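Here you get one chain, nothing else, as structure tokens; it is the form predicted on its own.
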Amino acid sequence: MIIRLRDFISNVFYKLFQQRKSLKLGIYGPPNAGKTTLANRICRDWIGEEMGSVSKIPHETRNVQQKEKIKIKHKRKELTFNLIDTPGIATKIDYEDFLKFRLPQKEAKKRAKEATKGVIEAIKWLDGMDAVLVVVDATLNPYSQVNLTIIGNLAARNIPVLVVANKIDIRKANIKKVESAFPQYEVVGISAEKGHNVEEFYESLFRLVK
């Protein structure tokens, strides 16, 4: 009787702790893969607002952005989490790359400096993540040094991962190649911009944090 009562009390405290804990879901990936576009899609779908601005210029997101207590529902299931959108991870950031987009040299150097700090910040946030969405551009070679570096860091930390193959609305997108590159993880193909296949994405998200 005493043992049963102790187990009951333990379960109550465990459930209370679980309810108070804020699940942190991070979005990681290389620049221009569509991380903030995906964050905006999730936020618009469930809280009616956006996470941040997007641009064709790399490293538009240069600081970690967060939206708290996003609650999503799917097939009678509910999931509440804090969504963290991170700057694009890059192994090299050169201000001259921004000059190609006709930015003034002063602005290009400023953006490069901020982007470098953003990468460092994003990596620091990794240790606090409960699960991560790795967004990759499905039209590009998934075996890039950046993608492999991100996946390697997540694997070393045993963080649950869902690989999101974005931009499937573009003809040259190749989801099978992404699946071959990361066979240890579930891969879901979407178009964050157009909203293609988002229902399957949410199903995969529930499996990720079950």
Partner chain sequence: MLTLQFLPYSEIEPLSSNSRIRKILNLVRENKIVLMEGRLKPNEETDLIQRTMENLSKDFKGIELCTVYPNVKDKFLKGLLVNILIGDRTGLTVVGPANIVKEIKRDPNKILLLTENVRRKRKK
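Worth saying up front: this structure is predicted, and the values here are computed from it rather than measured. Positions refer to the first chain, counted from 1.
Just so it is clear, the following notes concern the form predicted together with the partner chain, a form of the same protein that is not shown.
- Here the chain stands by itself, but in the model of the complex one stretch of 38-46, 167-175, 148-156, 66-74, 148-156, has heavy atoms within 4.5 Å of the partner chain.
- Out of the listed residues 80, 91, 139, 105, 91 is the one that sits within 4.5 Å of the partner chain in the model of the complex by at least one heavy atom.
- With a 4.5 Å cutoff on heavy atoms, residue 119 counts as touching the partner chain in the model of the complex.
- For the chain shown alone, residue 131 is not a contact residue for the partner chain in the model of the complex, no non-hydrogen atom being within 4.5 angstroms.
- The closest non-hydrogen atom of residue 110 lies beyond 4.5 Å of the partner chain in the model of the complex.
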